[in-house]
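Read the single chain below, which is given as structure tokens and is the form predicted on its own.
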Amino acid sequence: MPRLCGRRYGVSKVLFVPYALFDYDGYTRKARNAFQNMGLELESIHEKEDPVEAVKEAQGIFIGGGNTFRLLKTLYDNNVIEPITERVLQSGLPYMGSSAGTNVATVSICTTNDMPIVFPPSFKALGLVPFNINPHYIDPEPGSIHMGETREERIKQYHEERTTPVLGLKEGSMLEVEGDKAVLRGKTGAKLFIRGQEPQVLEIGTDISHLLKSE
């Protein structure tokens, strides 16, 4: 949520969710410095007595990266799944997520790159968009001797069991969603995986609003 975005949505203070990392205080200090440089005040949800009330009072929310399983479990533990979803989808609360914070904004965390170091009660996430995202998506390098599955192969395995579209976001790209509009932003691009179809390479500026109508 850079300075321009903050002005656009009338946000001067952001609620930060550091649950994806173990060191909440250290993560918050780092995030606070970054947001102050953008002219925005940052408060962390772990510093609040009541996490649910903190979500209800927030002007905007930023969920940072780390381990997606730990993040989702802690969101459930603190009973903020429904409050965040309700405020974003019904009240228009500006939401920004990076890495694991992007994963939890989708249907489920089933397309995360992380290890299950803890076990959330469900893989079901916030559902702010009706598809899944694979952050840090990379295509295989030509001539690579890596013997494990590529990211594309793992997403195809996901589609052997599930039908939800998956957006592979490359480093330097982001998805901007406002109302019924979704546009790819940034400097790199993405790859879209839909079950039964060949993957689609997406350039920056591509409108993928049709995915918001996915079921």
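So that there is no doubt, residue numbering starts at 1 and follows the sequence shown. The model shown is predicted, which means the values in this text are computed figures rather than measured ones.
The form predicted in complex with a further copy of the same chain exists for this protein as well; it is not shown, and the discussion that follows is about that form.
Engineer: Contact between residue 163 and a further copy of the same chain in the predicted complex at 4.5 Å, heavy atoms?
Structural biologist: It does not: once a further copy of the same chain is placed as it appears in the predicted complex, residue 163 has no heavy atom within 4.5 Å of it.
Engineer: Taking a further copy of the same chain as it sits in the predicted complex, is residue 21 in contact with it (heavy atom to heavy atom, 4.5 Å or less)?
Structural biologist: It does: once a further copy of the same chain is placed as it appears in the predicted complex, residue 21 has a heavy atom within 4.5 Å of it.
Engineer: Does any heavy atom of residue 114 come within 4.5 Å of a heavy atom of a further copy of the same chain in the predicted complex?
Structural biologist: Taking the distances in the predicted complex, the answer for residue 114 is yes, it comes within 4.5 Å of a further copy of the same chain.
Engineer: Residue 91 versus a further copy of the same chain, in the predicted complex: is there a non-hydrogen atom within 4.5 Å?
Structural biologist: Residue 91: no, not in contact with a further copy of the same chain in the predicted complex.
Engineer: Using a 4.5 Å heavy atom cut-off, indicate which stretch of 180 to 188, 34 to 42, 60 to 68, 47 to 55 touches a further copy of the same chain in the predicted complex.
Structural biologist: That would be 60 to 68.
Engineer: Of 106 to 144, which residues get within 4.5 Å of a further copy of the same chain in the predicted complex if you count heavy atoms?
Structural biologist: Residues within 4.5 Å: 109, 110, 111, 112, 113, 114, 115, 116, 117, 118, 119, 120, 121, 122, 123, 134, 136, 138.
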